[in-house]
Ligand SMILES: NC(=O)c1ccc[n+]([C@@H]2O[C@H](COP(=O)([O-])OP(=O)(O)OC[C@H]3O[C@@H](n4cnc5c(N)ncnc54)[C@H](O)[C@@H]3O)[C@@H](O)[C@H]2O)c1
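Below, in structure tokens: the form predicted on its own, a single chain.
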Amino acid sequence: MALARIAVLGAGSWGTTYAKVMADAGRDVVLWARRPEVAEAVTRQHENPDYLPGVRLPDNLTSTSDPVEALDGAEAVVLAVPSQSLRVNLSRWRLPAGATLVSLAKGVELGTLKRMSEVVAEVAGVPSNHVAVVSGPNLAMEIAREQPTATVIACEDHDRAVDLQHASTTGYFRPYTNTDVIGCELGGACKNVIALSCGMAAGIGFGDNTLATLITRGLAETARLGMALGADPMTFAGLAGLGDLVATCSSPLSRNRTFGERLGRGQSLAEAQQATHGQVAEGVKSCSSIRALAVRHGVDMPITEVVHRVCHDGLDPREAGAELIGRKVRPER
């Protein structure tokens, strides 16, 4: 069986869920958890009570707080830590030679403006075609409860993507393959920013017309950036583009959407963070790096621009909405 043993590094909601998916697909999976008590709960109680309460995890999914133990003999390593801490964590781990490295992180690194696959390849010292990414409408709790969904596994090496596809296919989780890593990663990163804007609109009290407008124009600016970086524009019409965008912008399970709602209701960034137990939505940080990447490539991203200003310059969300609707009129394309 190709990819019989998998290490998943990061025991948050998505890391644990994807570990469950691969275990349900018949693989032996070891989940690395930073906290020993989480590892103990996963192994002994078959549950991650902090992130997936009430979800029973498979018997062939074990956990450890020792990264060396988790990585021993792994044929694929799934990286499930936040985008802005990925580089630091990678520098601490000794990854198995020849293993396929899989990024679940969705963001663009602050400072370097690198995509996550670029960070992985650089720090791990591996060719880019050894790195795959997973992106799609993948709200963790729904998948953990085995509600049907699909995703995209993208890798420059098609055969590696196919191996991961087989290692992730279950009765409730359907992966497709793609070789457009750039497009899949940018779709996953930018949708968090657009979801913040949708949350802000909902927090203000705006309805479905506004939401549909933000989703559609958000997809347009994501595609503009993607094409400037060499992505296939058709990727943004698929699961890693439109699919992920709709789910993240619409669902109350989306941390970025709900964080944006708090900002739209008038809470400050600090107040919204306090209300979410100190957790900051990925889009709050990624909006700055994506904005800088757009500036570097001369791409107009007005929604990303105002989200950045709300999060980091104190712009009132209502003023942000007025700015967007008051922009100079132009053809749709």
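Being a predicted model, the structure only gives us computed values, none of them experimental. All residue numbers are counted from 1 along the displayed sequence.
There is also a form predicted in complex with this ligand; it is not shown, and the following applies to it.
The site on the displayed chain is open: this ligand, placed by C-alpha superposition from its pose in the model of the complex, has no atom within 2.4 Å of a backbone or C-beta atom. You can rule out all but one of 62-70, 260-268, 304-312, 280-288: in the model of the complex, only 280-288 has residues with a heavy atom within 4.5 Å of this ligand. In the model of the complex, this ligand stays beyond 4.5 Å of every heavy atom belonging to residue 215.
In the model of the complex, residue 82 approaches this ligand with a heavy atom inside 4.5 Å. Put simply, residue 115 is far from this ligand in the model of the complex: not one heavy atom of it is within 4.5 Å. In the model of the complex, this ligand lies farther than 4.5 Å from every heavy atom of residue 321. Of the residues 168, 100, 138, 235, just one reaches this ligand in the model of the complex with a heavy atom at 4.5 Å or closer; this is 138. For the options 181, 144, 104, 76, the one in contact with this ligand in the model of the complex, meaning a heavy atom within 4.5 Å, is 104.
In the model of the complex, just one residue of 232-259 lies within 4.5 Å of this ligand by at least one heavy atom: 255. Pairwise change in the model of the complex: residue 268 and residue 280 C-alpha atoms lie farther apart than in the shown form, at least 3 Å.
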